[in-house]
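Just the one chain here, the form predicted on its own, laid out as structure tokens.
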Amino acid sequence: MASLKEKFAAKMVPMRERVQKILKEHGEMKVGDVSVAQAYGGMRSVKCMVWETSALDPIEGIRFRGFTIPELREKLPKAPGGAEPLPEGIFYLLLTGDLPTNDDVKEITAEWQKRSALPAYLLDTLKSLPKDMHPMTQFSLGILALQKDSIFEQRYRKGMSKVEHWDPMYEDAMNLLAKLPSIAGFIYRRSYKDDKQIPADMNLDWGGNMAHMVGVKDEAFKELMRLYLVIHSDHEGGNVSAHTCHLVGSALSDAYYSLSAAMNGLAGPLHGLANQEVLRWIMNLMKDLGGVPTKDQLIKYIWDTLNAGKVVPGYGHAVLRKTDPRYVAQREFALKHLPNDDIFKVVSMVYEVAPDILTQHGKTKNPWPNVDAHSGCLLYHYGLTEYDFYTVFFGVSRAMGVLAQLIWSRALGLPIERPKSVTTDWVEAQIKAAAQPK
């Protein structure tokens, strides 16, 4: 049976030819216009990059290589006796565009296990950091420290053809993905559990092993980790972490530089850090209202929040105009495994009343919940009460999508990213010129 790397190599050449044909025959075709508001507004919705692994539709939601989250939960291979898809399967799909077999997934599990050992110098680096340093800072530093062993950097220094760039990038990505659960587990146990480390269990899959290494014994938590890692793995290319990885990688920086930079973007409160902000808001709500509130109490609390000029965290999305399918998947998990959890009851009640309130308030384009509105309550239920660590889980997951695309970017020979900037003086001159009679 062909290996994952061989299957990717077989798809690479036809894809290169496809892209080259598009550029040759239609390279000057316009794919969008940019407004002044978009130039000042963070390039919102400007179509100016290619991302192969997933696409986000405002109405349909995220599709991974064309598949919705419900389809992935049905079609991707699962752990023996499990009901949730294995992360190894989503990585295979993101990289190849094909649904994997059970054997395909077992191959990736075995490959990541083989590459998973953390070098002594990395452990020394992590041990040198203050235990109260934010976990995302430790995570980013740990990824960057591994750059010493970059195969891409070594081969680039020796000299290699551009068409070979994908090969060492693939090796770096596989080595890095293999180590991320162990890095995350090490940081968690050191920062929050008196440095009492739990060694990896080589009988477990990638997601199950991460659940094991943080120390949660409930088998349902392994299922949660598998689901969480799948649904957070990619979200097209325009979000901060994905775009950052692509941008840094476009300079031919290796996977370690690129992913570490992406994690620094993910750590922002307007991106991956939002999940902990949601849970903090829910916990403060329950404290202020003396536990699970009545519906009327919650409605008043939300209105008081909005009237104070604050937001309801976890509601609204830059692109989506419906309930985030990732939220729905986590809600279905909660209804199955923890229907009587008090925090879940509050999350459900907010879901019931917040969209109508936000619609009446009129300042939110999308009144529906996004993924961050739910993930924190699930992690908290299983004993992971340390909010600051939640984004590390997000980072381990997102690495699969951005690194799969990074391999494709080098396979297709995509150039360094270099958009053209303008000044406000230039914008004003263009406005003035447009107003002149023709």
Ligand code: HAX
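No experiment lies behind these values; they were computed from the predicted model shown. Residue indices: 1-based, along the sequence shown.
Although it is not shown, the form predicted in complex with the ligand is what the next lines describe.
358 is the sole member of 204, 358, 283, 123 with a non-hydrogen atom lying within 4.5 angstroms of the ligand in the model of the complex.
Between the options 370, 375, 54, 405, the residue in contact with the ligand in the model of the complex by a heavy atom within 4.5 angstroms is 370. In the model of the complex, residue 269 approaches the ligand with a heavy atom inside 4.5 Å. In the model of the complex, the ligand sits within 4.5 Å of a heavy atom belonging to residue 394. The ligand is not drawn, but in the model of the complex it has a heavy atom within 4.5 Å of residue 314. Although the partner is absent here, residue 274 is a contact residue: one of its heavy atoms lies within 4.5 angstroms of the ligand in the model of the complex. The stretch that touches the ligand in the model of the complex, counting heavy atoms within 4.5 Å, is 304-312, out of 187-195, 110-118, 153-161, 304-312. Applying a 4.5 Å heavy atom cutoff to the ligand in the model of the complex picks out no residue from 154-177.
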